[in-house]
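In the form predicted alone, a lone chain appears below as C-alpha coordinates.
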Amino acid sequence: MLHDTLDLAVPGPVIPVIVIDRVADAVPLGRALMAGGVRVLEVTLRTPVALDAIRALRREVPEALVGAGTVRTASEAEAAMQAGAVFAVSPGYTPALGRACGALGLPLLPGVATAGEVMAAADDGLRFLKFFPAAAAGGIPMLKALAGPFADIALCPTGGITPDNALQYLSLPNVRVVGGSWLTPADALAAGDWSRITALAAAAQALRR
(Lines give C-alpha, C1' and ligand atoms only; values in the text may rest on other atoms or scores of the structure.)
Protein backbone atom coordinates (compact mmCIF):
# COMPACT_ATOMS: atom_id res chain seq x y z
CA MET A 1 0.00 0.00 0.00
CA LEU A 2 1.34 3.42 -0.96
CA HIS A 3 0.55 6.22 1.49
CA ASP A 4 2.83 8.98 0.21
CA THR A 5 4.11 9.65 -3.30
CA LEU A 6 7.56 10.29 -1.84
CA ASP A 7 7.67 6.54 -1.24
CA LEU A 8 7.97 6.20 -5.02
CA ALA A 9 11.50 7.58 -4.79
CA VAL A 10 12.68 4.90 -2.37
CA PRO A 11 12.98 1.80 -4.63
CA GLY A 12 15.30 3.41 -7.15
CA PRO A 13 16.45 6.54 -8.96
CA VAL A 14 14.40 6.07 -12.16
CA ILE A 15 10.66 5.58 -12.66
CA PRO A 16 9.97 4.09 -16.10
CA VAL A 17 7.36 5.94 -18.18
CA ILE A 18 5.65 3.05 -19.94
CA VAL A 19 3.50 3.00 -23.08
CA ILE A 20 1.86 -0.39 -23.68
CA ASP A 21 0.13 -1.14 -26.97
CA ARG A 22 -0.56 -4.84 -26.35
CA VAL A 23 -1.97 -6.19 -23.10
CA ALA A 24 0.03 -9.38 -23.64
CA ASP A 25 3.23 -7.38 -23.18
CA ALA A 26 2.30 -6.02 -19.76
CA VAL A 27 3.22 -8.96 -17.53
CA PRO A 28 6.50 -9.98 -19.22
CA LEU A 29 7.48 -6.31 -19.30
CA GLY A 30 6.71 -5.90 -15.61
CA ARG A 31 8.68 -9.03 -14.76
CA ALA A 32 11.62 -7.89 -16.90
CA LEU A 33 11.74 -4.53 -15.10
CA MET A 34 11.46 -6.21 -11.71
CA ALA A 35 14.31 -8.58 -12.65
CA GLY A 36 16.45 -5.49 -13.22
CA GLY A 37 15.50 -4.09 -9.82
CA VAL A 38 12.88 -1.55 -10.94
CA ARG A 39 9.78 -1.84 -8.77
CA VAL A 40 7.81 1.35 -9.53
CA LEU A 41 5.94 1.15 -12.85
CA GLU A 42 4.11 4.12 -14.37
CA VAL A 43 1.77 2.89 -17.12
CA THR A 44 0.60 5.89 -19.13
CA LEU A 45 -3.04 6.17 -20.15
CA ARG A 46 -2.03 6.88 -23.74
CA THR A 47 -3.31 3.69 -25.31
CA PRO A 48 -6.69 1.93 -25.30
CA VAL A 49 -5.25 -1.06 -23.42
CA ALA A 50 -3.56 0.88 -20.60
CA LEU A 51 -6.16 0.11 -17.93
CA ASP A 52 -6.21 -3.58 -18.85
CA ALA A 53 -2.40 -3.56 -18.66
CA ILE A 54 -2.57 -2.09 -15.14
CA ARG A 55 -5.04 -4.81 -14.13
CA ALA A 56 -2.79 -7.53 -15.49
CA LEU A 57 0.29 -6.14 -13.75
CA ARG A 58 -1.49 -5.82 -10.42
CA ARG A 59 -2.75 -9.39 -10.71
CA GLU A 60 0.40 -11.09 -11.99
CA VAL A 61 3.21 -8.89 -10.61
CA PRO A 62 1.78 -7.98 -7.19
CA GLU A 63 5.15 -6.98 -5.74
CA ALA A 64 5.38 -4.04 -8.17
CA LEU A 65 4.07 -0.56 -7.36
CA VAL A 66 1.87 0.02 -10.41
CA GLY A 67 0.50 3.46 -11.14
CA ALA A 68 -1.25 5.30 -13.95
CA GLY A 69 0.41 8.11 -15.85
CA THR A 70 -1.10 10.82 -18.07
CA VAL A 71 -4.06 11.13 -15.70
CA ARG A 72 -5.83 14.39 -16.56
CA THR A 73 -9.38 14.16 -15.17
CA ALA A 74 -11.29 12.94 -12.16
CA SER A 75 -12.90 10.19 -14.24
CA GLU A 76 -9.49 8.96 -15.41
CA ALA A 77 -8.25 8.92 -11.82
CA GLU A 78 -11.25 6.87 -10.75
CA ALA A 79 -10.85 4.44 -13.65
CA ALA A 80 -7.16 4.05 -12.85
CA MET A 81 -7.87 3.28 -9.22
CA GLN A 82 -10.57 0.77 -10.14
CA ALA A 83 -8.03 -0.92 -12.42
CA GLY A 84 -5.71 -1.29 -9.44
CA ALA A 85 -3.36 1.69 -9.78
CA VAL A 86 -1.80 2.62 -6.44
CA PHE A 87 -0.74 6.10 -7.57
CA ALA A 88 -1.47 8.59 -10.33
CA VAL A 89 0.84 10.84 -12.32
CA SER A 90 -0.48 13.83 -14.24
CA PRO A 91 1.16 15.99 -16.93
CA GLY A 92 -0.09 19.14 -15.21
CA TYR A 93 -2.07 20.12 -12.14
CA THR A 94 -5.57 21.40 -11.48
CA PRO A 95 -7.23 21.77 -8.08
CA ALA A 96 -10.13 19.65 -9.40
CA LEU A 97 -7.79 16.75 -10.11
CA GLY A 98 -6.13 17.20 -6.73
CA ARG A 99 -9.51 17.09 -4.97
CA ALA A 100 -10.59 14.03 -6.94
CA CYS A 101 -7.46 12.07 -6.09
CA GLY A 102 -7.73 13.18 -2.47
CA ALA A 103 -11.32 11.96 -2.28
CA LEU A 104 -10.31 8.63 -3.81
CA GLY A 105 -7.31 8.25 -1.52
CA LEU A 106 -5.15 7.93 -4.63
CA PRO A 107 -1.67 9.46 -4.16
CA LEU A 108 -0.99 12.00 -6.92
CA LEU A 109 2.32 13.06 -8.45
CA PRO A 110 1.23 16.14 -10.43
CA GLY A 111 3.12 17.84 -13.22
CA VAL A 112 4.38 21.42 -12.89
CA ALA A 113 6.54 23.58 -15.13
CA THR A 114 6.50 27.04 -13.51
CA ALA A 115 6.83 28.65 -10.10
CA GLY A 116 3.12 29.52 -10.15
CA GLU A 117 2.18 25.89 -10.76
CA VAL A 118 4.43 24.77 -7.91
CA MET A 119 2.67 27.25 -5.63
CA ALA A 120 -0.78 26.06 -6.72
CA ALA A 121 0.08 22.43 -6.01
CA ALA A 122 1.77 23.33 -2.71
CA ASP A 123 -1.32 25.29 -1.65
CA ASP A 124 -3.24 22.03 -1.93
CA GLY A 125 -0.74 20.21 0.28
CA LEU A 126 1.36 18.52 -2.42
CA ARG A 127 5.11 18.54 -1.77
CA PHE A 128 6.41 15.99 -4.31
CA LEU A 129 5.85 17.13 -7.88
CA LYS A 130 6.74 16.05 -11.40
CA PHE A 131 8.75 18.68 -13.29
CA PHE A 132 7.45 18.26 -16.84
CA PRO A 133 8.45 18.59 -19.61
CA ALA A 134 11.82 18.87 -17.92
CA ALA A 135 14.14 19.61 -20.84
CA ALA A 136 11.69 21.91 -22.62
CA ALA A 137 10.78 23.75 -19.40
CA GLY A 138 14.34 24.78 -18.61
CA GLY A 139 16.04 21.59 -17.47
CA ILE A 140 18.74 21.74 -14.85
CA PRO A 141 19.00 25.57 -14.74
CA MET A 142 15.27 25.82 -14.04
CA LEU A 143 15.45 23.18 -11.32
CA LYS A 144 18.32 25.05 -9.69
CA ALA A 145 16.29 28.25 -9.83
CA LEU A 146 13.26 26.58 -8.23
CA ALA A 147 15.37 25.15 -5.40
CA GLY A 148 15.82 28.56 -3.79
CA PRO A 149 12.23 29.65 -3.16
CA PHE A 150 10.90 26.09 -2.93
CA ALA A 151 13.41 24.33 -0.69
CA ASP A 152 10.56 22.28 0.81
CA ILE A 153 9.46 20.87 -2.56
CA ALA A 154 10.84 17.61 -3.98
CA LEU A 155 10.75 17.07 -7.72
CA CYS A 156 10.76 14.26 -10.27
CA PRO A 157 11.97 15.63 -13.63
CA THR A 158 10.43 13.81 -16.60
CA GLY A 159 10.66 14.58 -20.31
CA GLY A 160 14.02 14.62 -22.03
CA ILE A 161 15.80 12.62 -19.34
CA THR A 162 18.29 10.12 -20.78
CA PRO A 163 20.95 7.75 -19.43
CA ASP A 164 23.50 10.42 -20.42
CA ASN A 165 22.01 13.27 -18.37
CA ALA A 166 20.11 11.45 -15.61
CA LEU A 167 22.96 11.71 -13.10
CA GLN A 168 23.17 15.48 -13.63
CA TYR A 169 19.50 15.75 -12.66
CA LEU A 170 19.82 13.30 -9.77
CA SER A 171 22.71 15.33 -8.31
CA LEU A 172 20.40 18.30 -7.65
CA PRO A 173 19.25 18.63 -4.02
CA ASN A 174 15.57 19.07 -4.93
CA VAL A 175 15.45 16.01 -7.24
CA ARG A 176 14.50 12.73 -5.58
CA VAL A 177 14.03 10.56 -8.67
CA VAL A 178 13.70 10.99 -12.44
CA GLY A 179 11.20 9.62 -14.92
CA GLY A 180 12.35 8.10 -18.18
CA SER A 181 10.98 6.27 -21.20
CA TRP A 182 14.35 4.80 -22.23
CA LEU A 183 13.87 1.76 -19.97
CA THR A 184 11.07 0.45 -22.20
CA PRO A 185 11.93 1.29 -25.82
CA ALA A 186 9.16 0.59 -28.32
CA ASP A 187 11.33 -1.64 -30.49
CA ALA A 188 12.22 -3.85 -27.52
CA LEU A 189 8.55 -4.24 -26.61
CA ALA A 190 7.62 -4.99 -30.21
CA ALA A 191 10.30 -7.69 -30.39
CA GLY A 192 9.61 -9.09 -26.92
CA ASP A 193 13.24 -8.46 -26.03
CA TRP A 194 12.74 -8.73 -22.29
CA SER A 195 16.41 -9.38 -21.54
CA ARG A 196 17.29 -6.01 -23.04
CA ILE A 197 14.70 -4.32 -20.83
CA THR A 198 16.07 -6.09 -17.76
CA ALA A 199 19.56 -4.85 -18.66
CA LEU A 200 18.27 -1.28 -19.11
CA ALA A 201 16.48 -1.49 -15.77
CA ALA A 202 19.60 -2.75 -14.00
CA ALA A 203 21.66 0.07 -15.51
CA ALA A 204 19.04 2.58 -14.38
CA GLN A 205 19.10 1.17 -10.85
CA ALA A 206 22.86 1.71 -10.78
CA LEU A 207 22.41 5.47 -11.32
CA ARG A 208 23.00 7.16 -8.00
CA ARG A 209 23.84 10.62 -6.80
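Residue indices: 1-based, along the sequence shown. Source: prediction; values computed, not measured.
The same protein also exists as the form predicted in complex with a small molecule; that form is not shown, yet it is the one meant from here on.
- Not displayed here, the small molecule is approached by residue 161 to within 4.5 Å at the level of heavy atoms in the predicted complex.
- The small molecule in the predicted complex comes within 4.5 Å of a heavy atom belonging to residue 46.
- Taking the partner from elsewhere, residue 17 is found to have a heavy atom lying within 4.5 Å of the small molecule in the predicted complex.
- Using a 4.5 Å cutoff between non-hydrogen atoms, residue 36 does not count as a contact of the small molecule in the predicted complex.
- Proximity to the small molecule in the predicted complex, taken as heavy atoms within 4.5 Å, picks out 175-183 from the listed stretches 139-147, 175-183, 57-65, 27-35.
- Residue-level contacts in the predicted complex: of 87, 132, 128, 93, one residue has a heavy atom within 4.5 Å of the small molecule, and it is 132.
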